[in-house]
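This document starts with one chain, in the form predicted alone, laid out as structure tokens.
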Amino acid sequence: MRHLLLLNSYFLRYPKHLIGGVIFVVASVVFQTYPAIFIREAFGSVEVAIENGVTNELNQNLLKYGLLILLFSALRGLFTFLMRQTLIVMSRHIEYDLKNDLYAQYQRLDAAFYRKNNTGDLMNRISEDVSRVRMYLGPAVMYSINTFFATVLTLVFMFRVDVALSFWVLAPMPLLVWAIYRVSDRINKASHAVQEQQSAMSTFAQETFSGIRVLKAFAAEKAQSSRYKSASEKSYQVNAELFEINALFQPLMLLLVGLSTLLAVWIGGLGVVEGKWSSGVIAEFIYYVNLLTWPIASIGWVMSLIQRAEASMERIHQFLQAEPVVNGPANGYKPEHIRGEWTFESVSFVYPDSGIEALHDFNLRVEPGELVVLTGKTGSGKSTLVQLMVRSMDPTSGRILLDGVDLREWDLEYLRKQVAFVPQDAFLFSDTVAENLRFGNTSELSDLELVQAAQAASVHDDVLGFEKGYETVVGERGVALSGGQKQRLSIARAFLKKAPVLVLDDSLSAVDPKTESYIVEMLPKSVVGRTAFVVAQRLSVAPFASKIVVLEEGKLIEIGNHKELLENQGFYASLVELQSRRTRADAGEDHQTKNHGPFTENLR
């Protein structure tokens, strides 16, 4: 139970609930156990009445003991209610805290963590695993405390009546302890297997739902259903193993408890015949055995809850203990004003999982307010470079400076707030268009500002075409929109952030040439006063750039403005010529000049 001990700090957050719960448990147990004495006394009154032939006081005694038993039962019910209201409510509070802590940890961890872990597994740990831990925090703890005090108090009452009869009645108990010891390890292993398979199925389902369009495009529904069926069968097998253990354990415990009842009647009956005990003692001991029945019978269920919670808490603890590879110093650099000067000094980066060197000895200086275009073949290191700029990862060697300060010395959250970043894969939340545009902005944005940003990203007319305009819900990951619309909304969102640095990572790849031409012409106006980096495969934005940086296999091979690089007749000039030929071949020279003039003419 070493991982469950980690929850002690959560218990300490709610001392009133915990202490109050224990007090109510003890009170409940006292009022549950004490009526055994009234039962013995009632039987004694009956015996006296029978022996003496006097029944005058019998009715009064039976009424008195009956009312006392009812009173104690009512008080027991009251304290049981209070016990649940404290301990179960405490478990819900801790569940809330644990989910929040786990969610905060998920947000703190970096891209390296998410490359190694499946989304389905992450979801399972914050939902299914936390729920299983909650069952330990509430019912398991409550019944464990109840079992302990009920057992101790019952044994005290039993041994006060007769030691020998108590030992006879408790004779089957060592066998029960041995059974619990033997079965608990099997329950623990089976619980681990159940949780791991549950995570695997959650991951499988999540990937299926996320990739449903690809699945249907390949008509692979039957094959995917078959794989899910195999995963379900495995889940059934591991769950069946756990249920079989519990199914054998519970009847065994009830058998041993029944054996204790049999011994109480048998040995007690012989004692009554011999004159050792009264019949009231037998009735009292049968009551005590019945009191022990639920605590003992619940041991198997509680053990199962504890073992499942241990397996789940171990999985949760793995994530709570994980540390991000990229982290900021405690008192990181947070200037009042950012100029936007970037310096790359001998920057190299090797992906740790694959060993691929994405950047090699990259050097560059960018002045504040410059518009820089990063271009090159696929896999040349462009996206890696901008990921390093927002510290999704750190260089393997070399350093990147913003305003002369190494990025690793900046406060990480503050640094990222200063960069408006649009990734390759445009991501929208399942919310309205307006709320997606407002995302990431701490200040209130007016409707006019939303419209202006949407116009600059050439998506305003599209939004007006939606039935509810800016209040249209875009669906999960923006599924209701086209790829180009998602990209343009992401660009508008970045414009609205008003950060001193703007980074567009190939954010026009899904946009048609005409729309791209419009956005490109608006881009210099939208980034006035900002330092902007644009990763581009298509070079329509290049003529407007202060610097064009050409990469190949992670190395900087050319740098200059559009005119200079064309005059050099190097790699960049060949890219421009190749794209111009493709454009003319696709649409025809006259049609292209007429409809998309700037797109072609700017490249020339």
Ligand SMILES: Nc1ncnc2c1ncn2[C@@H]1O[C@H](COP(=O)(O)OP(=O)(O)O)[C@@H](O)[C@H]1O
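Nothing here was measured: the structure is a model prediction, and the numbers come from that model. Numbering starts at 1 and runs along the sequence shown.
This protein has a second form, the form predicted together with the named molecule, left out of what is shown; the following refers to that one.
- For the candidate set Ser202, Thr151, Thr80, Ser383, a heavy atom within 4.5 Å of the named molecule in the model of the complex is found for exactly one residue, namely Ser383.
- Arg115 is the sole member of Lys234, Lys514, Arg115, Arg339 with a non-hydrogen atom within 4.5 Å of the named molecule in the model of the complex.
- Although the partner is absent here, Ser446 is not a contact residue: none of its heavy atoms lies within 4.5 angstroms of the named molecule in the model of the complex.
- With a 4.5 Å cutoff on heavy atoms, Met142 does not count as touching the named molecule in the model of the complex; it lies far away.
- Interface residue remark: Ala454 is not counted as part of the site for the named molecule in the model of the complex, having no heavy atom within 4.5 Å.
- When contacts are judged by a 4.5 Å heavy atom cut-off, Leu87 does not count as touching the named molecule in the model of the complex.
- Stretch-level contact analysis of 154 to 162, 412 to 420, 216 to 224, 355 to 363 against the named molecule in the model of the complex, using heavy atoms and a 4.5 Å limit, identifies 355 to 363.
- Residues of 365 to 380 placing a heavy atom within 4.5 Å of the named molecule in the model of the complex, in sequence order: Lys377, Thr378, Gly379, Ser380.
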